[in-house]
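In structure tokens, one chain follows: the form predicted alone.
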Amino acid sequence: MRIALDFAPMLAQWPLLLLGAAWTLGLTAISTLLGGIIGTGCAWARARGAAPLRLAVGAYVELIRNTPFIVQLFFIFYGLPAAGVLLSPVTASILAMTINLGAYATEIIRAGIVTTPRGQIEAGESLALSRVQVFLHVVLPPALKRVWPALVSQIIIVMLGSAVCGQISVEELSHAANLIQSRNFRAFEAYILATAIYLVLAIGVRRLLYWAGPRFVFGR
């Protein structure tokens, strides 16, 4: 069986693909910022917090890490309205991606925190720094440096997972590919092109984060 590929109808829809890629990057950027903040706070809570706080954060982490992302997304978008919480598709997607990344980032960052040498912490305390200052200036930067590759990989996974957000009508890349193939019935070409774009986005975002980390997050 011979397949005749024709990418011309796909390329004619480049504004739609470009918009989808932009939505994917936008969702990823916002959820990375918010998820990173949540992950950092929860990592500190699991490593240094009081027992009730550690228990609550642990429950959150286990719940999110042991359920599918699409179920979390559907619960937020379709389930919360039953409790009177109505969210737009974009807001629900950002919330789901943020919560998901936050849980995984918690464990990744915690791994970096618990490997901080005790002497390093004591040195910060000897300078009369508060616990918060010790954490922000002594513990967190080297911890992030140690776990940055793993954290970047998780961000990429969350970005690729945003493809399911098209199921609730968010106009990200997979939604654009679905829309294009429904118009011209060239599904094979549409998803080949979408795969190529996702690959480029993943490589580009990974390199950007590897470049930005030492300069803006944890220093050289």
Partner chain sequence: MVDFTLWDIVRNLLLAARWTVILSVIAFIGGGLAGLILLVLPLTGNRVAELAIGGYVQVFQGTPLLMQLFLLYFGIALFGVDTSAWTAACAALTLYSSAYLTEIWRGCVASIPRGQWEASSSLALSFGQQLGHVILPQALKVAVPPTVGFLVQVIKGTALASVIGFVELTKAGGMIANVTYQPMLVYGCVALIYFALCFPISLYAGSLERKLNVGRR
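Numbering follows the first chain given and starts at 1. Note that the structure is predicted; figures quoted are calculated from it, not measured.
Keep in mind that the form predicted together with its partner chain is missing from the display, and what follows is about it.
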Any non-hydrogen atom of Q167 within 4.5 angstroms of its partner chain in the predicted complex: yes
How about R54 - does it come within 4.5 Å of its partner chain in the predicted complex, if we only consider non-hydrogen atoms? no
G26, heavy atom within 4.5 angstroms of its partner chain in the predicted complex: no
State yes or no: in the predicted complex, is some non-hydrogen atom of A8 no more than 4.5 angstroms from a non-hydrogen atom of its partner chain? no
Of V152, L34, L160, A47, the one that lies within 4.5 Å of its partner chain in the predicted complex (heavy atoms): L160
Looking at A22, A202, A12, L208, which has any heavy atom no more than 4.5 Å from its partner chain in the predicted complex? A202
Name the stretch: of 77-85, 115-123, 90-98, 140-148, exactly one has residues whose heavy atoms fall within 4.5 Å of its partner chain in the predicted complex. 77-85
Contacts from 53-76 to its partner chain in the predicted complex (any heavy atom within 4.5 Å), listed N to C, are E62, L63, R65, N66, T67, P68, I70, V71, F74, F75
